[in-house]
Structures are given as structure tokens and as C-alpha cells.
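Okay, so here's just one chain, in C-alpha cells, the form predicted alone.
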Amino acid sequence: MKENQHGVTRESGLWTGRFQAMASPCEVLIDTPDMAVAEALFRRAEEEARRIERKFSRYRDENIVHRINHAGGNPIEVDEETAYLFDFAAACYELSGGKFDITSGLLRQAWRFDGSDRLPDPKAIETLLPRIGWSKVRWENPLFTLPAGMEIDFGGIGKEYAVDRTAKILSQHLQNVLINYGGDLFAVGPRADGTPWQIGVDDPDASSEKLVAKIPLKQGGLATSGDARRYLLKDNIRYSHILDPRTGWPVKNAPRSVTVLASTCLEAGMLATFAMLEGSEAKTFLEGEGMPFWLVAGDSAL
């Protein structure tokens, strides 16, 4: 393994760069013999991921999300990129029948998915529900008005958007790149020899190191939604972190994980999350969408 000062390593014939962003391990695999090209592409990828994190993270206090969440009900004018994400969020809300809602982040005040058996007080959830609901916001591009006491959170789409943005930038320079931000991926073409990248889908059972699927990927986005790391377990009932914003409670009978392949990472992530929100109807929903998918329900991959 050969490493240079920029953190890019030579591993198994590939240049690999790693960094932490968006609360996730991020990795860029670059298939080129040219170290200088690999270094430049990796730096550009990291810059873009960190730019998006700075701009859209709800944990920052100097960005557009903070301004909107603290506007006290006053309209805020947003730029074109933010407008794009609001349009996408609005479409997700409509297509999911209100189950996908970027105003539902407030539920984190009641839920702590730490693997324990500590369920929230139902009254705590009830007090939050009146402050949740995309139907209560006013979005007339470029003005966004959020009622006082509500919040927006792009966490459900931000990482996938960062993957797609990075892919668009790197594709202008090289077609043999795989971007992986916390398990959300995009292949900018195949390996340099024309073979696909081999993507492993982990078993959602945290105690297992086996793969439930191995996916050959030459082009496109791949995203996974599941409860492998964020859940509660009480009286042998597993409570997934996938919450229905209309009730404030986890979706019943949701799969352990859903992985979807689509033309973009945003689309793949949207469909994977939609499927989780469908609960026991996840497989039927995915079959109706016509996209390749891998679903883990209980102990089996479907």
C-alpha cells in the first residue's frame, strides 16, 4: 500500500481516498495509473462533500438551514441549489403520501435509537406532532416560509445529493470512479478494464460480517436504507429508526434493509426510503417501481 501526503493510497491497483463528512465515512476509488490525477480528483470530491455539509447540515449555525429554522415564521429567500432540494423534498412528500417529510426531524427530541429498550413517552411524541408537516410550510420559489417552532432537516436526502454532485464533477475528468459516502454510492463508469465494481451489501445483523448480496455496478447510483445501527429493542420487538411523521412512531413490519439501484443516488435513496416506509408492502412497492432492488426481511435476502 502506497500513501502520499494527501491521504490517497494505492490499494489493489486503485487509488483510494478517505475522509469523514456528513457523520459518515467517505471513500473515493479512482482507477487510473496517474497519481496526480487521483490526487486532484480526491481533493475535488472532498471539497464538494464538505461544501454541501457546511451549507445544508442542521448542526451548523451559519447556513441556510439555520436561517430558515430560526426565521420565526418569516419568509426566507433561497438560492437555486436550495430551491432544487426543496422541490425534490416536496415531490417526495407528495409521492409518499406524506410519509417522507423533511420537517419530521423534530421527532429526534423524543426518540433515541441507541440499541436500548428505552421507548419515549407517547405524550412527548404527541406534543411534537403539531409542529410537523410539509403541508404547513409555504414554498413559492424563491421564498420559503416555515411556521415558527418547526424545523427542516435535509438529512434524509443530503448525503445522496452530495454523492450525485461529486459524481457530476468527477465525471468531467475521468469515467472510472466509484464514490461511496456512508454506503450511498455512484459509479461513474466501470473499472478501467471495463469490468464492474463489486459492491457488497452488509447483513443488517450487526453481529454478522457476512454479505447478503454482491452487486456488480458499472454505472448509476446505489443506496441502502435500514435499521442495522439505529434501533430500539424492547420485549423482543425491534423498533426501527424509520418513523412515520404522521404518527411519530416507527413503521410497523418494515424490512431490515432495502438497497435500490437507480440512475442517480438521490433516486435510489428515495425509493429505498419509500420502501421502508411501506412496511410489509415494501417488496410489492419495489416490484411496481421496476428498479433492481435487494431486500432483507428477517433472515433472508429477496
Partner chain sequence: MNGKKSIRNALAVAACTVLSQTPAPASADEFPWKADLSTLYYTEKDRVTVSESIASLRREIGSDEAFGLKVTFDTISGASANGAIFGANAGGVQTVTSPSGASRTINIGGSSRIDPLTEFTDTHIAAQFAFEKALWRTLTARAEGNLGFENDYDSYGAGGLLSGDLNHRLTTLTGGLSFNNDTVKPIGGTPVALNRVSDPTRLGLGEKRTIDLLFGVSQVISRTTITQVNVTHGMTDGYLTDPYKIISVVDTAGEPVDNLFESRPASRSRNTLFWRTAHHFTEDVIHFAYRYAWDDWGIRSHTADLRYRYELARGHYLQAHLRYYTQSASDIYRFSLAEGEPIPLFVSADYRLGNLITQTAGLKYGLPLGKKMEFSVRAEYLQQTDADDRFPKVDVLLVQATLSYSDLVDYALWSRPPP
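If you're wondering where the values come from, they're calculated on a predicted model, not measured in any experiment. Numbering follows the first chain given and starts at 1.
Quick note: we don't show the form predicted together with the partner chain, though the next part is all about it.
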> Does any heavy atom of residue 141 come within 4.5 Å of a heavy atom of the partner chain in the predicted complex?
Replying inline: yes
> Going by a heavy atom distance of 4.5 Å, is residue 49 a contact of the partner chain in the predicted complex?
Replying inline: no
> Is residue 85 close enough to the partner chain in the predicted complex to count, meaning some heavy atom within 4.5 Å?
Replying inline: yes
> Within a 4.5 Å heavy atom cut-off, is residue 172 in contact with the partner chain in the predicted complex?
Replying inline: yes
> Out of the stretches listed (85 to 93, 218 to 226, 67 to 75, 111 to 119), which one is close to the partner chain in the predicted complex, meaning heavy atoms within 4.5 Å?
Replying inline: 85 to 93
> With the partner chain left out of view, which of 54, 252, 238, 246 would have a heavy atom within 4.5 Å of it in the predicted complex?
Replying inline: 54
> Among the candidate residues 161, 154, 197, 134, which is the single one with a non-hydrogen atom no more than 4.5 Å from the partner chain in the predicted complex?
Replying inline: 161
> Relative to the partner chain in the predicted complex, which residues of 259 to 282 have a heavy atom no more than 4.5 Å away?
Replying inline: 264, 266, 267, 270, 271, 274, 278
